[in-house]
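In structure tokens, one chain follows: the form predicted on its own.
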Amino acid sequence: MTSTFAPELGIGASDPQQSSTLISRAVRGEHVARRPLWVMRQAGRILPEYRALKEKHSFLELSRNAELAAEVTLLPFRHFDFDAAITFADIMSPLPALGVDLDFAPGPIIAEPIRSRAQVERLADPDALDVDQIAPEVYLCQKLVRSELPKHRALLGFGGAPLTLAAYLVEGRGVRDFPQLRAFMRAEPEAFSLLMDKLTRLVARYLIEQHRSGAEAVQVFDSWAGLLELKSWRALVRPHLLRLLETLGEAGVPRILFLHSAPQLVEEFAMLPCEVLAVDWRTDLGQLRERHPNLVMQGNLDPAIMLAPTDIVRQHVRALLASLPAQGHILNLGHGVLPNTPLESLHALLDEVHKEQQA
């Protein structure tokens, strides 16, 4: 079946050297026997083996030790037949390379939040760093995982979008609506732009190296894009996000762009250069596909549905499957799997998706 997806985005290409995993074919917009499935935060949280590891190791120890991180990345496959592994790391992982003092308690904690241009200028120049100074444990983890992962399963990398990283750096921790960030970007627009520029160049190098280390595609998480109204986002944020995506595209890195809690930006994000657009459960994915028929979609089952009885889970999965064609769709939740999700719910999700191949 000939792909109908947009060639200008590099989708539907027929390079024989390209990966033939189900997810890679879906990313390229090619015909698939069934749509692929993976789940955000599948490595950890709900798994008993992960909870056992957390009794012995802190999150920092797990994420900064390549062997332990590789073990966690592979844990889901003891229980589930997912189509991809997602690297176990944190979106903050590359920031220590800039000289940022970072801890987790349990979320990210910045020892000295960025509140001035002088602080931004003191951050290291990403282009002056050797790439092995930027979270080298992540690349080693990916090489270890790729050596163990069956060839039919994809390995995905990820990183934070510049705004999402800036939110934590300026605020110092995750708080509701990030008021210090919103004040800083308006009071110190030049300093904010310089910060975004450094983060853009850092994340670009980080994600390109992840691709070289075995990640077939990378997901850019813009978890806090919705903090701004459209006009401010276009002026202050879009140029940097666009440059990141263009840099990844020029390097041949397949891009999944994830937008969370920002309905005012969905159409803007749909026009950015990426192979796959992932949105949270607040967006009707079928309607979005109708408006953008040439863009591969990812998502977007509400994670809370997974807490319901399995017959309800199956009902909602079937409805999502029916809302858009299998070609050009990667099934996922609309955000990370909730910690108290029953394993039976994920088995029901997988079963409904795998039925598609048998139909």
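Numbers for residues come from their place in the sequence shown, where the first is 1. Because the structure is a prediction, the values reported are computed rather than measured.
The protein also exists as the form predicted in complex with coproporphyrinogen I; that form is not presented, and the subsequent description refers to it.
*Asks:* Which among 184-192, 136-144, 218-226, 118-126 is in contact with coproporphyrinogen I in the predicted complex, heavy atoms within 4.5 angstroms?
*Replies:* That would be 218-226.
*Asks:* Check for me whether coproporphyrinogen I, as it appears in the predicted complex, comes within 4.5 angstroms of all of 233, 271 and 278 - heavy atoms only.
*Replies:* Checking in the predicted complex: none of 233, 271 and 278 is within 4.5 Å of coproporphyrinogen I.
*Asks:* Which residue, 90, 83, 71, 209, is the contact with coproporphyrinogen I in the predicted complex, using a 4.5 Å heavy atom cutoff?
*Replies:* Going through each option in turn, the one that passes is 90.
*Asks:* Could you tell me which one of 54, 292, 318, 34 places a heavy atom within 4.5 Å of coproporphyrinogen I in the predicted complex?
*Replies:* The option sitting close enough to the partner is 54.
*Asks:* Is residue 42 a contact residue for coproporphyrinogen I in the predicted complex, using a 4.5 Å heavy atom cut-off?
*Replies:* Heavy-atom contact with coproporphyrinogen I at 4.5 Å: present for residue 42.
*Asks:* Flag residue 25 as yes or no: does it have a non-hydrogen atom within 4.5 angstroms of any non-hydrogen atom of coproporphyrinogen I in the predicted complex?
*Replies:* Close contact is absent here: in the predicted complex, residue 25 is far from coproporphyrinogen I, nothing within 4.5 Å, heavy atoms only.
*Asks:* Would residue 77 count as touching coproporphyrinogen I in the predicted complex under a 4.5 Å heavy atom rule?
*Replies:* Outside the cut-off, so no.
*Asks:* Residue 263: heavy atom within 4.5 Å of coproporphyrinogen I in the predicted complex?
*Replies:* Residue 263 lies outside the contact set for coproporphyrinogen I.
*Asks:* Listed by sequence position, which residues of 158-187 have a non-hydrogen atom within 4.5 angstroms of coproporphyrinogen I in the predicted complex?
*Replies:* Read in sequence order, the residues that approach coproporphyrinogen I (within 4.5 Å, in the predicted complex) are 158, 168, 174.
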